[in-house]
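Okay, here we've got a single chain as structure tokens, the form predicted on its own, with questions on binding and movement later.
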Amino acid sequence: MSRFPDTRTLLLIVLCFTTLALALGDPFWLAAVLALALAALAAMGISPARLGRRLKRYRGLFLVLVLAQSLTNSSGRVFLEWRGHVLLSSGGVQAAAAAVLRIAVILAAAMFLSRRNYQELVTALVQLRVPYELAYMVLLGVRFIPVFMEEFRTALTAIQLRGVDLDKVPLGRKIRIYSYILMPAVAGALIRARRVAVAMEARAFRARPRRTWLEWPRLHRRDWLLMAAAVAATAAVLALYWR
């Protein structure tokens, strides 16, 4: 039995929000889009606080973005200058805020699919005329990212259990240690991927040009209305922004 909203509707909403995040460059507009995304998440029963926990993981990346934007953008009012080089300006702060808000909007858009399992995503992609081989490739790619991270954490834990305190290791040696961890993690992920490939071939994957599906959801009138509203709102925002 299909659920509302349909997975295809959610994919279109994600596409609309990511399009706005990439097309808009003003932090005030991006902040408004982020507020709209958080309101939509709350309406779906997804706590916006989850986005805050995700953003905490990228604090270092945000700091690098702020510094990079401040050093490369010297427009506007200059706040900090050293030997003729602008280190901090109003244009740099605005560009850095836009970059951080853009990432936040994209992460919030991805959370719309958190209530759907992998099977529903594959079915939705196939219903959107994506070849089922590509749909399964997307499924395996999404599923193997946590597998790879788990392999990396396992190798890192093994090194720490041997008495290596990475917090006290110099930067050069730390990079070398991480390179040693990366190889077994990649090897373990490749071994698992080969096993999955063998299992799929044993079940006659791609034996026929088309597949049958246990569930084949249908779009209801509410889905069509929601998709039309999302596309219309996106077009209206872009038209107002570019004017």
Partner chain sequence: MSAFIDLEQVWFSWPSGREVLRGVDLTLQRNDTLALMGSNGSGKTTLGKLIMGLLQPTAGKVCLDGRPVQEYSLAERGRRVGYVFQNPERQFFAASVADEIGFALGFRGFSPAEVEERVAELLAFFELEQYAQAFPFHLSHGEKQRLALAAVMALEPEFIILDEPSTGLDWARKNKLIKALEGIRERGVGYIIISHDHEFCRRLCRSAVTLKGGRLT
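Numbering follows the first chain given and starts at 1. Between two forms, the rigid core is the largest collection of C-alphas that superpose within 1.5 Å. Nothing here was measured: the structure is a model prediction, and the numbers come from that model.
What follows is about the form predicted together with the partner chain, which we do not show.
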Subject >> Contact test in the predicted complex: I145 vs the partner chain, heavy atoms, 4.5 Å >> reply: no
Original post:
Hey, in the predicted complex, does I191 get a heavy atom within 4.5 angstroms of the partner chain?
Top reply: yes
Original post:
Do W216 and the partner chain share at least one heavy atom pair within 4.5 Å in the predicted complex?
Top reply: no
Original post:
Does the partner chain come within 4.5 Å of any heavy atom of E151 in the predicted complex?
Top reply: yes
Original post:
Among 135-143, 153-161, 96-104, 121-129, which stretch has residues whose heavy atoms lie within 4.5 Å of the partner chain in the predicted complex?
Top reply: 153-161
Original post:
Are D165, R173 and A187 jointly within 4.5 Å of the partner chain in the predicted complex, each by at least one heavy atom?
Top reply: yes
Subject >> Listed residue (A43, M183, A49, V64) with a non-hydrogen atom within 4.5 angstroms of the partner chain in the predicted complex >> reply: M183
Original post:
Quick one: of I177, A197, A68, L36, which gets a non-hydrogen atom within 4.5 angstroms of the partner chain in the predicted complex?
Top reply: I177
Original post:
Hey, does A39 budge by 2 Å or more at the Cα between the shown form and the other one once the core is superposed?
Top reply: no
**OP:** Look at I175 and decide if its Cα position differs by 2 Å or more between the shown form and the other one after superposing on the rigid core.
**Re:** yes
